[in-house]
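In structure tokens, the next block holds one chain alone, the form predicted on its own.
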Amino acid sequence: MTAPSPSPSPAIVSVTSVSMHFGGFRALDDVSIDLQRGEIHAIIGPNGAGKSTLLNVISGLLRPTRGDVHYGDQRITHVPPHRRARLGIARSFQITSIFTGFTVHQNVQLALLAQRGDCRHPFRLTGERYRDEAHELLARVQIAGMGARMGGELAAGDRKRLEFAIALAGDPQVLLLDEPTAGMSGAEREIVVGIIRSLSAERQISVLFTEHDIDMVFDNAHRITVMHQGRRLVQGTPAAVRSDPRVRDVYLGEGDDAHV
């Protein structure tokens, strides 16, 4: 069952006529999308459709060849990634990025230190600094009991939850997630999806994510953008996207992704 949609509101992120060229290859071609406050918005499409490239443009890892990105009423097209993170845009990758040689608790403490500009010696033992706040963030993603474990010991779903806690250390308003349930068991996927939904509903965090698990997308997204060959093909509610014949044409022959 699809999650209830948030009330309409001004977009927190707007992408307007963005193109991204690598030489003669057009990874993105005149793409426009918007993300509403508190919305869970999925980006789907076949491999090579431009999904991850779009997230990289929004997070600042790539500067578009043409077009603009706005965060609220602020143009951030040329703002570097670290400043976008300070503004409230957090990015999570398909391959989790954590310090495997530090404990779960220390990973979150380091994130808090970095966000507060208190990282002159970030790789020293963090001790008691921000310990309670780190524990609260781990509790929010349901791994408070794993604080003493090394990051490298965690299963895929637990690593992803730790990455969410690290992202939340910056008190973000927007989460950009690339394949958040990739490589997880059914039980792990259910936990991670539950966290995404609670962050949206309880904290009004806007979530923009790419995903190949079509069932997960249609069960949880408020809106869906379908991309194909670097262009936006369809954008709308899950019901509208599911019934659009263009979407079925794109996914025909794409294996598991064909079941839309």
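Quick note: we count residues from 1 along the sequence shown, nothing fancier. These numbers were taken from a predicted model, which means no experiment stands behind them.
Beyond the structure shown, there is the form predicted together with a small molecule, which is absent from this document and is the topic of what follows.
J.: Do Gly50 and the small molecule come within 4.5 Å of each other in the predicted complex, heavy atoms counted?
T.: Within the cut-off, so yes.
J.: Gly67 versus the small molecule, in the predicted complex: is there a non-hydrogen atom within 4.5 Å?
T.: Looking in the predicted complex, residue contacts with the small molecule do not include Gly67, since no heavy atom lies within 4.5 Å.
J.: Taking heavy atoms only, is Val226 within 4.5 angstroms of the small molecule in the predicted complex?
T.: Answer no; every heavy atom of Val226 is more than 4.5 Å from the small molecule in the predicted complex.
J.: Examine Val217 and determine whether its closest non-hydrogen atom to the small molecule in the predicted complex is within 4.5 angstroms.
T.: Val217: no, not in contact with the small molecule in the predicted complex.
J.: What stretch, of 193-201, 218-226, 50-58, 30-38, brings heavy atoms to within 4.5 Å of the small molecule in the predicted complex?
T.: Flagged stretch: 50-58.
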